[in-house]
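Below you will find one chain, with nothing else, as structure tokens; this is the form predicted alone, and questions on how it binds or moves follow later.
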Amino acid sequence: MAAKAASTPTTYSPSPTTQKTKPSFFKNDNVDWVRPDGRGFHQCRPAFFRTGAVNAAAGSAYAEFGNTKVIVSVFGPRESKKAMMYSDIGRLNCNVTFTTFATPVRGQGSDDKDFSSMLHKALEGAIMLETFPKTTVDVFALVLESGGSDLPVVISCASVALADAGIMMYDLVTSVSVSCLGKNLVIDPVLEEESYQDGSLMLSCMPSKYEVTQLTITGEWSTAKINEGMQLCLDACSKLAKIMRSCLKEAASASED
């Protein structure tokens, strides 16, 4: 599918936020501080998607959230290896890698097995695996630049790439994370915020079905904080899905012209 022009990055904040004057970046348990990029605590970065980024792939997508840049390619369905046992449902393979220039420390590009496993878990429940028995779909994600919230961006981008490849899904999968810094929850954290966080919560879901496909929590969270963090993510995920669908509709319209 040929690449196409897309609209400017679109924000998808879960709720209106009021800006107020704050001191410099987070220190200890200060309640009032300013985020490195000036966003409100519950304000997400502008999101940009473009399909058809890799011509050789069955489907592909490029995503840019602030300084986080990701490209995902989908290949297949292809016939599974003979050595594999027969299965009535298809198989999903996921691989996430970082370029050598993705992180501030150069030369650290590598495969990320944890990210690959989490990407697989987030997507598997949304794909109609029974529609391609005895075959395999490969999803390759490459993080071009790590700017924070890398995995949620990878998951959302992969969902767009799968749709671009024509893989049958119950719904798109969107993903958003929040970080706990002192007494505050900040959504869609950047790299600097993640380095200061006391804990993180990442949620992946199918917004139309209101079903969570993956929930990952690190650090110590109270029940109230978990509920607040999940609601922030669910709200943002539903709005992010609109941006993703808009990108796919534009791609479909462009291909018909």
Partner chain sequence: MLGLSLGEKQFIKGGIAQDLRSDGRKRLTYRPISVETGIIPQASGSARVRMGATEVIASVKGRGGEELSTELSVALQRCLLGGKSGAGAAIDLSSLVVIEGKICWDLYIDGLVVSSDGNLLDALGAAIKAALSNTGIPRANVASGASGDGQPEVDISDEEFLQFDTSGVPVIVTLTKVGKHYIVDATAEEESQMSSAVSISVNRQGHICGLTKRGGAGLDPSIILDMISVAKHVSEQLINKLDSEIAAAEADEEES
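Residue numbers count along the first chain shown, from 1. All figures in this text were calculated on a predicted structure; none of them were measured in a lab.
There is another form of this protein, the form predicted in complex with the partner chain, and it is not shown here; the text below is about that form.
A.B. asks: Is E211 one of the residues lying within 4.5 Å of the partner chain in the predicted bound form, judged by heavy atom distances?
C.D. replies: Because a heavy atom of E211 falls inside 4.5 Å of the partner chain in the predicted bound form, the answer is yes.
A.B. asks: Can P46 be called a contact residue for the partner chain in the predicted bound form at 4.5 Å between heavy atoms?
C.D. replies: Although the partner chain is absent here, P46 would stay clear of it in the predicted bound form, with no heavy atoms inside 4.5 Å.
A.B. asks: Contact with the partner chain in the predicted bound form for K113, defined as at least one heavy atom pair within 4.5 Å: yes or no?
C.D. replies: Flag for K113 set to yes.
A.B. asks: Does any part of G219 reach within 4.5 Å of the partner chain in the predicted bound form? Heavy atoms only, please.
C.D. replies: Yes, G219 lies within 4.5 Å of the partner chain in the predicted bound form.
A.B. asks: For the stretch 176 to 202, return the residues whose heavy atoms include at least one within 4.5 Å of the partner chain in the predicted bound form, in the order they occur.
C.D. replies: E194, S195, Y196, Q197, D198, G199 sit within 4.5 Å of the partner.
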